[in-house]
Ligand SMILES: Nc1ncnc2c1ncn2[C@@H]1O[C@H](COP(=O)(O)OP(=O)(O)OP(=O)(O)O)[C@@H](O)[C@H]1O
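Heads up, the chain below is alone and in the form predicted alone; it's given as structure tokens.
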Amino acid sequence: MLLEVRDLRVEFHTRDGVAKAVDGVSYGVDAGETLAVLGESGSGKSVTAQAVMGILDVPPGRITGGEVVFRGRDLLKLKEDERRKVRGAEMAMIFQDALSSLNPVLSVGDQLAEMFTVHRGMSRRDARARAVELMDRVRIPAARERAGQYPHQFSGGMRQRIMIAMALALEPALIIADEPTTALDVTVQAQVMELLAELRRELGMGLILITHDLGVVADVADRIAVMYAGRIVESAPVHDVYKAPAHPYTRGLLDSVPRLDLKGRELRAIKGLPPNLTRVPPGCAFHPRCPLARDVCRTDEPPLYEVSATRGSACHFWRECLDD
């Protein structure tokens, strides 16, 4: 296993109390595999990724438990200078807001070239040549000419390709893509996802794709981990999830995806709102919004039941979900 996250716990100390943003999350991804981590905003997807990358804001955030084992090493036990060597070179991240992540006063070519001068000790000329190669690799037209342009001169989709190029620069074994298609139209979304899938196959890297949209990951993910209120509520191969979700929250996410075969029908949204993480309800955190909720759901927090050898569901009534 390339990366294993084991029982990871992250807390934020706020005026309203302690928010358990990540509450015992465990998942893994292997080389050449894509894991999609799904859930609504506030479910803990991005905080988990930040803890894995070692870029969590401390304070107010604090890792209170767990392990992040990458290539046999627990990253949480490394010193900061050792952790810094892992970031970029072995593990990289693509952020959702490319415009704010890129430096507005440096050309994109200079920003890409900096990766090679700082981490590889290349000359400026050689680094610039590698930057142009990367831009060409992520299919930016006229890469040599456009390397001298600034982020604001690129479209949203092209800026996202620049972010992908920066993540690929040092050929890491693992890439974490945090909502890489946010604010892009559906055509550009498809192009970006196709590019990520192609690069993953070409380079044999592991990919963690963070998103709230089940429709985006259908063709690119191997496995799906669904998060709610800081926990994994379902983990399964992608085709099993689409065929028959084993958790009512996953069912709700699927039902909220527009479908051509249901044209004209009203979308079924999940009722209510995600819980305040400083006041998570007892029992199953999803029970106030769940159509299957019963008394046991209001008192007993469900473990991640073993549905099969490759699948788990944190629902007391997962069998009824599969039969639905």
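Computed from a prediction, not measured in an experiment: that's the story for all the values here. Numbering starts at 1 and runs along the sequence shown.
Another form exists, predicted together with this ligand; not displayed. Remarks below refer to it.
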Practice problem: Report whether all of 103, 111 and 157 sit within 4.5 Å of this ligand in the predicted complex, measuring from non-hydrogen atoms. | Solution: no
Exercise. Could you confirm whether residue 40 comes within 4.5 Å of this ligand in the predicted complex, counting heavy atoms only?
Key: yes
Exercise. Could you confirm whether residue 310 comes within 4.5 Å of this ligand in the predicted complex, counting heavy atoms only?
Key: no
Quiz item: Should residue 137 be classed as touching this ligand in the predicted complex when contacts are defined as heavy atoms within 4.5 Å?
Solution: no
Quiz item: Is there any non-hydrogen atom of residue 277 lying within 4.5 Å of this ligand in the predicted complex?
Solution: yes
Quiz item: Tell me, which of 32, 272, 60, 281 has a heavy atom within 4.5 angstroms of this ligand in the predicted complex?
Solution: 60
Quiz item: Of the options 179, 90, 222, 240, which one has a non-hydrogen atom that comes within 4.5 Å of this ligand in the predicted complex?
Solution: 179
Quiz item: Taking heavy atoms and a 4.5 Å limit, what residues of 43-62 are near this ligand in the predicted complex?
Solution: 43, 44, 45, 46, 47, 60
